[in-house]
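Here we start with a single chain on its own, the form predicted alone, put down as structure tokens.
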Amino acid sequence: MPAEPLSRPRIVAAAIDLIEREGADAVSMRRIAADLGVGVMSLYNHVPSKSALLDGVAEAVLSQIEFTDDPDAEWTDRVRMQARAFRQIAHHYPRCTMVVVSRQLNSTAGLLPVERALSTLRDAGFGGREAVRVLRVFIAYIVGSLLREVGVTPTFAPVHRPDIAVADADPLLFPQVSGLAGPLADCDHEAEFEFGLEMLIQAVAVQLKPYG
């Protein structure tokens, strides 16, 4: 079988595979060329720089988000669907998701989720500036939750850290931590995400009333 021709999609796919195996720090043009079995200079015919390559990774991941938006549904349900869609793709590409949230994309793939979210909020009755602010709040929550799920930020539930024993906390110094050692030592990420999402939607709905 002849070798697959070198192309931008093939280079981006190799970068995605490498990131998921070893993390974004492992990415370099030389490393990608070695993984593909080609000369490093040949990559530049398709991708001008490492930064452009990482943009390509973010765009490729975002383009796979499956939005099932229903314009006739309540705005709260549309927000839930959009948040869950982003979380689902993050489960498929946990390490690449960290690349997604670190890039400022102006491509169709990068702007489409923003357009959908703003459209949903504007349809709900928010003014333009308020819709942008609400979007940023949701992004902060979703990204924070995803960072926790992939182990970048603390969960206050060290289920993957056997060296941290919450139950051993001194009850005199930390009565609440000691008394809640059980819940603190357990974290159902999906349940936690849905709990926080509901709280956020309800809080945003209250803010909507002055604009409705």
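By rigid core we mean the largest C-alpha set that fits within 1.5 Å across both forms. Being a predicted model, the structure only gives us computed values, none of them experimental. Note that residue numbering follows the sequence shown and begins at 1.
From this point on, the text means the form predicted together with the DNA, which you will not see here.
A.B. asks: Since exactly one of V38, A185, V177, V150 fits, which has a heavy atom within 4.5 Å of the DNA in the predicted complex?
C.D. replies: Flagged contact: V38.
A.B. asks: Taking any heavy atom pair closer than or equal to 4.5 Å as contact, tell me whether T68 reaches the DNA in the predicted complex.
C.D. replies: Contact check for T68: no, nothing within 4.5 Å of the DNA in the predicted complex.
A.B. asks: Residue-level question: is M29 within 4.5 Å of the DNA in the predicted complex, judged on heavy atoms?
C.D. replies: Flag for M29 set to yes.
A.B. asks: Contact with the DNA in the predicted complex for A205, defined as at least one heavy atom pair within 4.5 Å: yes or no?
C.D. replies: Residue-level check for A205: no, no contact with the DNA.
A.B. asks: With the partner left out of view, is Q64 within 4.5 angstroms of the DNA in the predicted complex by any non-hydrogen atom?
C.D. replies: Flag for Q64 set to no.
A.B. asks: Specify the contacting stretch among 55-63, 42-50, 139-147, 177-185, defined as having any heavy atom within 4.5 Å of the DNA in the predicted complex.
C.D. replies: Heavy atoms within 4.5 Å of the DNA in the predicted complex occur in 42-50.
A.B. asks: Kindly check if the Cα atom of I32 is displaced 2 angstroms or more between the shown form and the other one relative to the superposed rigid core.
C.D. replies: Comparing forms between the shown form and the other one, the I32 CA shifts at least 2 Å.
A.B. asks: Does E22 move appreciably between the shown form and the other one, meaning a CA displacement of 2 Å or more on the superposed rigid core?
C.D. replies: Comparing the forms between the shown form and the other one, which are aligned on their rigid core, E22 does shift its C-alpha by 2 Å or more.
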